[in-house]
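One chain is shown next in structure tokens, namely the form predicted alone.
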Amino acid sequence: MAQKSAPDSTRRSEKSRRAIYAAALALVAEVGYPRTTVEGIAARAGVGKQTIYRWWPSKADVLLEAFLDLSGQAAEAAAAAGEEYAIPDTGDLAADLKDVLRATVDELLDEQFQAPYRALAAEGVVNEKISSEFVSRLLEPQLQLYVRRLEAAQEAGEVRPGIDPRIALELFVAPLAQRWLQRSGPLSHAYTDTLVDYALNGLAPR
């Protein structure tokens, strides 16, 4: 008689982790971050809250990991579709930046991303640890794509020498983030196109 194999704890843990990620993202979208609790996440995921606390110290840490995983899945899907994880370099800096920022607007307005992104942004204001991890693990790698594209533009003579690309990118990224976070105005492709035009008019060779 064949022996039954022992339960695969690794597989079981991964299944629980995925359920917890899905529960955290769903609850934040449905009831908002303030009303989301570890107990609620555990109940939604079908696990004990001690399982969550074994892996994460707080609901903010759960949500951060869930959002990073969601972003990672989106990046993998893009790669599978043949989309390069980089800002395109067609030789036209303005056109390339406009294309990327239009895609950013679409993502910011996507309900799947918007609720957890806003929750983490708000938590980061009062939670330095979450803010630091969010910036280092997600935001800064994305900003470095802009740095590399602006450096290439400098080499091609589209941006004048001496410009710090890491500061320059904030001329169009920061206003977009502020408008989205504070809901101070509508987000549209026309808006980000204008940001690029204004920024590059100040960066063009003299």
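One rule holds for the numbers: they count along the sequence shown, beginning at 1. These numbers come from a predicted model, not from an experiment.
Absent from the display: the form predicted in complex with another copy of the chain. The rest refers to it.
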Response to the item:
Exactly one listed stretch (67-75, 80-88, 128-136, 102-110) reaches within 4.5 angstroms of another copy of the chain in the predicted bound form by non-hydrogen atoms, and it is 128-136
Discussion item. Whether R166 contacts another copy of the chain in the predicted bound form should be assessed with a 4.5 Å heavy atom distance threshold; does it?
Written reply: yes
Worksheet item: Taking heavy atoms and a 4.5 Å cut-off, does P57 contact another copy of the chain in the predicted bound form?
Response: no
Discussion item. V159 versus another copy of the chain, in the predicted bound form: is there a non-hydrogen atom within 4.5 Å?
Written reply: yes
Worksheet item: Is there a heavy atom of E140 no more than 4.5 Å from a heavy atom of another copy of the chain in the predicted bound form?
Response: yes
Worksheet item: Looking at A152, A29, L145, L181, which is the one with a non-hydrogen atom within 4.5 Å of another copy of the chain in the predicted bound form?
Response: L181
Worksheet item: Since the partner is left out here, which residues of 50-85 would have a heavy atom within 4.5 Å of another copy of the chain in the predicted bound form?
Response: none
